[in-house]
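The chain below stands alone, shown as structure tokens; this is the form predicted on its own.
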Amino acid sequence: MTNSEPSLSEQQQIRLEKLNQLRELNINPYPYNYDVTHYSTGILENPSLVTEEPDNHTLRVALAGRVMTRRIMGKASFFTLQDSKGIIQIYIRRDDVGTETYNSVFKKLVDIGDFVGIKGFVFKTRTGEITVHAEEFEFLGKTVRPLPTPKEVENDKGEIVTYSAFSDKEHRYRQRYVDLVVNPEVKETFIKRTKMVQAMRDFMNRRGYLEVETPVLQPVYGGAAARPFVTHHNALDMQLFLRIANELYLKRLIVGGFDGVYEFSKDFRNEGLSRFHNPEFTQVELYVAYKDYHWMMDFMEEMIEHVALDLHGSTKVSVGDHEIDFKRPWPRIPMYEAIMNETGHDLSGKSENEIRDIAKKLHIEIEEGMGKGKLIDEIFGEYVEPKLIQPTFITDYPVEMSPLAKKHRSKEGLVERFEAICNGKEIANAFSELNDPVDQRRRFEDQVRLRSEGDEEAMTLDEDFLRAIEYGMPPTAGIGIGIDRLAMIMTNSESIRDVLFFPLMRPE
């Protein structure tokens, strides 16, 4: 980047001039390191660091961060420094840091957003604000592009109104690095997300389950109903797919003798974007041998109750206009019963054509290639799912909707499956896993038929997985929990993009 580039703004050109001036003063504008001893919040929350009369024994602090505001006042000035923990006021004086550093560097060459290092002691101003008195000042990083900063404007009533310079959602998603700087409260969402994942991991580890890794690149994709992303391996000259789920690999490990395995996985589904969908998303899948879906319901509600308590100190979480309570036990409602309650139609025992007619009466948009399972799913998604705000288990799905779930032990035509619905959206899907290789092959073949009839999301037939369970798989309970959707609830976020650092966006 040079001063002659026509695309540079006036502010960028000025900052590049300052960059050159720093070098002319033999100051490295991009030094290699700086030893930090304290952070802003640690200082602000520790009154014992405040000293009235500093001497040689007074504790000195060293902190580093961005300059966010400045008040130049002749021989002494105030500025605010923002580090990874928060923001704190700094007092800097010419007589302490030296005339050249103060007059030539701090006053003339430092801009909002620049990184600096400060060493000094902590005191309180006359107004009682905890402040660091700088005794040493070091330049740590020059910004050549100005940060968007809030602006204060006086309105017609004489009131001062603050306008954020970086509030547009699309800009914030595209430039998350800027969003985190100028809207530091955004960090809390992602800190909570990390704590949520850690609480889930600790919960599973304490029960002895093993965290594992399975392939992202797969020769045969499976484990869910979705279209994949396709890629090519040059050396082997073979087509590969980004995984849509890790289910079939984790079940191979159950075949291999592990009693409980889980994985926090990045999965990829070639689908549209929405408030609840991002083509790249995170879920955790857990498989436990010798258990069934009844046990898994107990396990999930206990784990999510634990997460809510860990993050919020309560089982109750505010989400939009609702207060969601994760306290156990959660309601358990069979799928056909839930649909009957909301539509007045009993779908049990109905043929595909009868259900298609009911869907038309309910004004469901029907696409070519929709089978019985897809039609039922559309009815449920339109009339039932949005109304389930409190955490609820919807159980006992039609066999056509669940090619990897075991047939229900007492209800013909159904499987032992549940979905956990909360805040109007599915957050988890679980089965008593199908371990009968003959039945599993038949289900895969049904999926292949649906695919030939136009259902692009129908599953493919995985011969290696069939071979694995032919060697024998014990009774197993499995679950997949959507981390992004659960994080939306736990952080009171409106969109999945609010809980992803870098959501997929259309090209600018």
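One-based numbering along the sequence shown. Keep in mind it's a predicted model, so treat the numbers as computed, not measured.
There is another form of the same protein, the form predicted together with the RNA; it is not shown, and what comes next is about it.
The partner is absent here, but in the model of the complex a heavy atom of Asp111, alone among Asp111, Glu280, Glu354, Asp83, sits within 4.5 Å of the RNA. Proximity to the RNA in the model of the complex, defined as a heavy atom within 4.5 Å, singles out one entry of Asp168, Glu302, Glu323, Glu100, which is Asp168. Contact with the RNA in the model of the complex holds for none of Val61, Tyr336 and Asp484, as no heavy atom of theirs lies within 4.5 Å. In the model of the complex, none of the heavy atoms of Cys422 sits within 4.5 Å of a heavy atom of the RNA. The closest non-hydrogen atom of Gly74 lies within 4.5 Å of the RNA in the model of the complex.
Although the partner is absent here, Lys361 lies well away from the RNA in the model of the complex, with no heavy atom inside 4.5 Å. Taking the partner from the other structure, the RNA in the model of the complex has a heavy atom within 4.5 Å of a heavy atom of Phe123. Look at 170-178, 307-315, 249-257, 343-351: in the model of the complex, residues with non-hydrogen atoms within 4.5 angstroms of the RNA sit in 170-178.
Residues of 77-98 lying near the RNA in the model of the complex, listed in sequence order, are Phe78, Gln89, Tyr91, Arg93, Arg94, Asp95, the criterion being any heavy atom within 4.5 Å.
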